[in-house]
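This document opens with one chain alone, in structure tokens, the form predicted on its own.
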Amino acid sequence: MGLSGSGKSTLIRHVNRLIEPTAGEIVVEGNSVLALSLDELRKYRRTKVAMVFQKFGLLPHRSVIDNVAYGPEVRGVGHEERLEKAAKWIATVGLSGYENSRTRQLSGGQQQRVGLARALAMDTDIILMDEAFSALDPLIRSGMQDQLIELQQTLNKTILFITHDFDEALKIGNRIAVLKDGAVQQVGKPEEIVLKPANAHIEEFVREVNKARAIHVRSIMERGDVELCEYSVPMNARCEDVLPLFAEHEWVGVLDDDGRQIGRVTAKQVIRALARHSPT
């Protein structure tokens, strides 16, 4: 993430060599992307990496389903198979019934869903998203963020998401790299960026940020054997996720990745953490 002109879009376009890097290296699965021949680069773009553009990049003369099926079509996938795959992802992003519509008949949020479905239909390990939600209205944008998080929990892809919105980065990012003037200022988990800013530039970013969105339960929880609670949250849950639960529970259990309760978190612990890291 970073402000306009910080180099975000340039950086992400290096990954699939839409822009040729002049220095450094890009390594995917142990292979140098810069060393790929033209034929190898085409194969890499078709099989390893997909991209969702800010301005959608949809084909206006094609229907929704044909837009989504475009990537598999370029790969040479048969007509029936690619349409079946496209229909699956159209349903996944909530656009069932729009398969035969033209993209110009859709709202901005719906068009962005088509762009996301098209990238998912490529079934690549890496998805590049260049300010994919920035043109959307706030409510639609929030819904798309939630949908992306939900999809990622089942797909487990590597997603490089470009944004200038720090709250958006905190909401969806596992790790954040902050750019300024083409240089990386800090890389870390959301709570590391917010609670331990590396310099004055990042301090300015995080001064008014929603700390409840940045602080994870795992960093403030009480670990150890505790009474099982009827309601539990994963250890990667954020404080903003658990705050509403304290209306009915004194504390909630915290689960590890295997679903075992490894501790608990109380309302006092959450409130104390937020107060400690709030601006004075």
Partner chain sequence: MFPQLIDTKPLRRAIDDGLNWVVRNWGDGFEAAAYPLLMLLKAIEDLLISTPWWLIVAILTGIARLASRSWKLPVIVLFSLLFLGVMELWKDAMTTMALMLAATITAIVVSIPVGVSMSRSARVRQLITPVLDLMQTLPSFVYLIPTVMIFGPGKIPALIATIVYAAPPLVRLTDLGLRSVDPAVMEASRAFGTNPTQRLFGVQIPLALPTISAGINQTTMMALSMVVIASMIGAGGLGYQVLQGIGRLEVSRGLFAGLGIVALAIVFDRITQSFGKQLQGRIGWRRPDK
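Residue numbers count along the first chain shown, from 1. What you see is a predicted model, and the numbers here were worked out from it, not measured in a lab.
Not pictured, yet referred to below: the form predicted together with its partner chain.
(request) Look up in the predicted bound form whether I271 has a non-hydrogen atom within 4.5 angstroms of its partner chain, and give yes or no. (result) Result no; I271 lies far from its partner chain in the predicted bound form.
(message) If we define contact as a non-hydrogen atom of the residue within 4.5 angstroms of the partner, is R13 a contact of its partner chain in the predicted bound form?
(response) So R13 counts as contacting its partner chain.
(message) With a cut-off of 4.5 Å between heavy atoms, is I65 one of the residues that contacts its partner chain in the predicted bound form?
(response) So I65 does not count as contacting its partner chain.
(message) My question is simply whether S134 lines the interface with its partner chain in the predicted bound form - judged by any non-hydrogen atom within 4.5 Å.
(response) So S134 does not count as contacting its partner chain.
(request) Give a yes or no on whether every one of R42, P60 and R118 sits within 4.5 angstroms of its partner chain in the predicted bound form by heavy atom. (result) The answer is yes; R42, P60 and R118 each reach its partner chain.
(request) Name the stretch, out of 99-107, 183-191, 202-210, 167-175, where some heavy atom lies within 4.5 Å of its partner chain in the predicted bound form. (result) After filtering at 4.5 Å, what remains is 99-107.
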